[in-house]
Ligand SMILES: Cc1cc2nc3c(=O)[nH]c(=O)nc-3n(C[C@H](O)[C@H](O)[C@H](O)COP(=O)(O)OP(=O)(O)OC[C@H]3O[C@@H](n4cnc5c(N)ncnc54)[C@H](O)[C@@H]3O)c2cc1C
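Shown here is one chain on its own, the form predicted alone, set out as C-alpha cells.
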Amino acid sequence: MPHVVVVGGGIAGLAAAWFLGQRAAGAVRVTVLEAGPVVGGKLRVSEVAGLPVDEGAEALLVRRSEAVALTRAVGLGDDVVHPAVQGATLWTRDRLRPMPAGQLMGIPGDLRALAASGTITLPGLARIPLDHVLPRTPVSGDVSVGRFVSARLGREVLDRLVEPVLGGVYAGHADELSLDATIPQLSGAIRVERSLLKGVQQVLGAGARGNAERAPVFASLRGGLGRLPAAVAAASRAEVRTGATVRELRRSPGGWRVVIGPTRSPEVLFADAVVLAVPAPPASRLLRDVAPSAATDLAAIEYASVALVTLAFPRDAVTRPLAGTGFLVPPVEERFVKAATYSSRKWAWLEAADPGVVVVRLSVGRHGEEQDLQHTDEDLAWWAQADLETATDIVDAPLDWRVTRWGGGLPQYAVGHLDRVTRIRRAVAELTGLAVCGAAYDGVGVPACVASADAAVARVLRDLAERRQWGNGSDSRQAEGP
C-alpha cells in the first residue's frame, strides 16, 4: 500500500489527509506530521468567561463552497451557522460610521451609498468622479492595490476604505499588496474598463445576478470554527502525529525520505509521496536541497504577525447598542487596534450560551509593525480595551480576557505573487510525488486552503498512478535504509 506523508497539521494538511482517504478509497496509507502539540493551525477554540471562543479564524466565506462542503462531509453540517446580523462599521474621523454598501474590498462602486456613509470628506468625494475622465491607467502586469486605487479614485478612498479592509484580511498594506492576488475578481475588469468604478460595478453586478436571494456571506460552527480540525482529522482516518517536527526531506529511490526529530536521535519515514502543507518559511527550508528555485521563491514570501485580544464583559457594561458585526480601523487613524468583532452579537449561539456576557475580539498588528506586539499580554489587553472604550463607551473592566499571538501568521501577497506561485509549483512539479498547499499560495481563507489541498492530493495521486504503485506493490522503504 503506498504511503503518503502530509507535513503540517493545519486545516490544509488535514484536508489533504481527508481528500487522500476519499479519493484513494483506502488504497493509500496516510500519515500527518504536525510540529505543534495539537492540530488545527490557526483554527483553535478555547474558553473565555466559560464560553468557547475562537482564537483564530472564526468564519468561512460562503461564496467559495469548498470549506462548507468539507464541514458537512465530516459530520458537522447540522452545526453550520450564519451571522445573526450583517454589516460592519468604520472607526474613522472620531466616530463609528457605516461601511458603505456597493463596495468590493473597500473599493466603492456606489457613490450615493459612499456619500451617505460619511466616511469620505467632500474633497475626497469630489475627486472620485475623475475616474470617468482620466486616461486609462496602464497595467502591463501586476500592480499594487494602493497604486492603482489611488491613481483612479484618490488617496482618501485608499486610506479610509481600502486599507482597513485589506488590513482586516491580510494584516498588510495596500501599497505593497498585489491587486491580482488579493482582489482577483477585479483583475480582469480593470484590463477591460478604463474606469475603476465601472469595473467594480461589473463585478458586483455579476455577483448579485449569481446570488439573487442574497445568501449569507459567511458561515461558522456552533461552538466555534476551531471544532473543524479535529473533525476533519477523525474523518480522514489518517495516522496523525503531533510534536513531530520534520527536519529534512530528501529523494529516495522510489519515493521520499522524511527525517523527523533532533539531529542526535532522528527518526526516518519513507513515503511514496509527500504533501507539504506548511507555511512558506519551513517549506523553503525543506525544499532547499531538492527544489532550490522553489525554496528561493518561498523564502521571499513575507509574513505578518498579529495578536487577537478577546474580552468578555457583563451585559450591562454595554450602555449603547453595538452596530453591526464590529468595526475596522483605517491605519491613518493611528489607533492601537485595527479591527473589532462583536462576537456575541455576530453569532447567536454565543449570545444564547450566556445572555449575561458580551464577547468582543480585537485585532492588533500589521505587516512591518511587529513592535506593536513587543509588549506583555497585559499591556496588549489594556491598550485594546482602551481603544474599545473610546469607540463604544464600554467602560467596565472585563470579566475575563485572553491574548492569542500568531507570530508570522499571515502571508503577504506582494506584487508579483501569482507569478511567484506559478514558479514554485512548476519547480515542485518536476519532482514526482511531491505537492504543496496552504495559505501561502492561492488565498489566506479556509476555503482557499481546502481547495489547494484538493489540488495537491490530485497531483500526488496522479503521480502514484503513473508510477504504477497501485498494482505492483513497490515499496520505497525497501530502496533505502535509515
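One-based numbering along the sequence shown. Being a predicted model, the structure only gives us computed values, none of them experimental.
The same protein also exists as the form predicted together with the ligand; that form is not shown, yet it is the one meant from here on.
K.L.:
Using a 4.5 Å heavy atom cut-off, which of 150-158, 387-395, 242-250, 194-202 contacts the ligand in the model of the complex?
P.N.:
Answer to the contact question: 242-250.
K.L.:
Taking heavy atoms and a 4.5 Å cut-off, does I120 contact the ligand in the model of the complex?
P.N.:
Judged by the heavy-atom cut-off of 4.5 Å, I120 is well away from the ligand in the model of the complex.
K.L.:
Going by a heavy atom distance of 4.5 Å, is A277 a contact of the ligand in the model of the complex?
P.N.:
Yes, A277 sits close enough to the ligand in the model of the complex that at least one of its heavy atoms falls within 4.5 Å.
K.L.:
Does any part of E58 reach within 4.5 Å of the ligand in the model of the complex? Heavy atoms only, please.
P.N.:
Yes, E58 lies within 4.5 Å of the ligand in the model of the complex.
K.L.:
Mark V7 yes when one of its heavy atoms lies within 4.5 Å of a heavy atom of the ligand in the model of the complex, and no otherwise.
P.N.:
Yes, contact at 4.5 Å.
K.L.:
Identify, from the list I107, V359, A181, L286, the residue with a heavy atom within 4.5 Å of the ligand in the model of the complex.
P.N.:
Spelling it out, the residue with a heavy atom inside the cut-off is L286.
K.L.:
Just to be sure I understand the contacts: of A35, L431, A455, A27, which is the one whose heavy atoms reach within 4.5 angstroms of the ligand in the model of the complex?
P.N.:
Flagged contact: A35.
K.L.:
Scan 430-449 and note down the residues that get a heavy atom within 4.5 Å of the ligand in the model of the complex; none is a fine answer too.
P.N.:
Counting only heavy atoms within 4.5 Å of the ligand in the model of the complex, the contacting residues of 430-449 are G438, A439, V444, G445, V446, P447, C449.
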